[in-house]
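First, one chain by itself in structure tokens, the form predicted on its own.
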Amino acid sequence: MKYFDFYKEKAVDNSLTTTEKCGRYLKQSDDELNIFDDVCSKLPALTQENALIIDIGCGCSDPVKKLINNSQTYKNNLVLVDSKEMLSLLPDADNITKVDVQFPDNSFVDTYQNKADAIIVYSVFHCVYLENDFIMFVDSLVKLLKSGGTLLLADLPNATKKKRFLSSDEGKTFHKNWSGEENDPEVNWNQFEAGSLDDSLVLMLLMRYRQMGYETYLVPQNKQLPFSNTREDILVRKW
């Protein structure tokens, strides 16, 4: 099953919390409450009035609900992109435009090209990476940015970062507490891992858009976020 359809099914599964509908574990519900503040700290446009904010794969849990409230406080125009099943779980408002497409969509890109002050793509890229043309996906995202706009490509599960973490004393302790296992986690370096999203891909993305005239930055996540030990974010800023 494709990820887009997988999350459609989660959206209509009433046995799941909104945290679980968005692909996180129930025991990460408290950590999920910290996501919006971390995103906000990296995207100044969220606290500027009359900005155009686009959230691709917005989901239905706490972060997007806080984004909605924030957009009303700052009188922002907010564009939420996801399946109609996910979007139906979110409130409507005059400043919100809901678009039920799977990005990238040519009509959507044409409509919002060179207009976005900030774009949020949180915990989405790894699904695209496994199934679709991830270069076209990110190329389409940067097309949406206006001058001074910033893309947050966030919550990237970096397999190499995970290995570094699990090789550390902190990572070994975390693994034992999380899994309930007594043994140290097995970490294999210099081993072929088909399909893994790793340092090489993350650094390639940084270089690709720098060479196209954008500023790019690799930034850490707040330690209180659900997957912060193994994930990181990319910022892309258009001059």
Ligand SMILES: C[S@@+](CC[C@H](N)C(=O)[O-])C[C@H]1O[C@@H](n2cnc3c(N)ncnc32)[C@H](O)[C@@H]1O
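Note that this is a predicted model, so its numbers are computed, not measured. The numbering used is simple: start at 1 and walk along the sequence shown.
The same protein also exists as the form predicted together with the named molecule; that form is not shown, yet it is the one meant from here on.
Residue heavy atoms within 4.5 Å of the named molecule in the model of the complex occur in exactly one stretch of 124 to 132, 108 to 116, 164 to 172, 143 to 151, and that stretch is 124 to 132. Shown alone here, I56 lies within 4.5 Å of the named molecule in the model of the complex, counting heavy atoms only. Interface membership of Q102, defined by any non-hydrogen atom within 4.5 Å of the named molecule in the model of the complex, is confirmed.
Proximity of Y74 to the named molecule in the model of the complex falls outside the 4.5 Å heavy atom cutoff. In the model of the complex, the named molecule lies within 4.5 Å of some heavy atom of V81. If you take 5 to 28 and check each residue for a heavy atom within 4.5 Å of the named molecule in the model of the complex, you get Y7, C22, R24, in sequence order.
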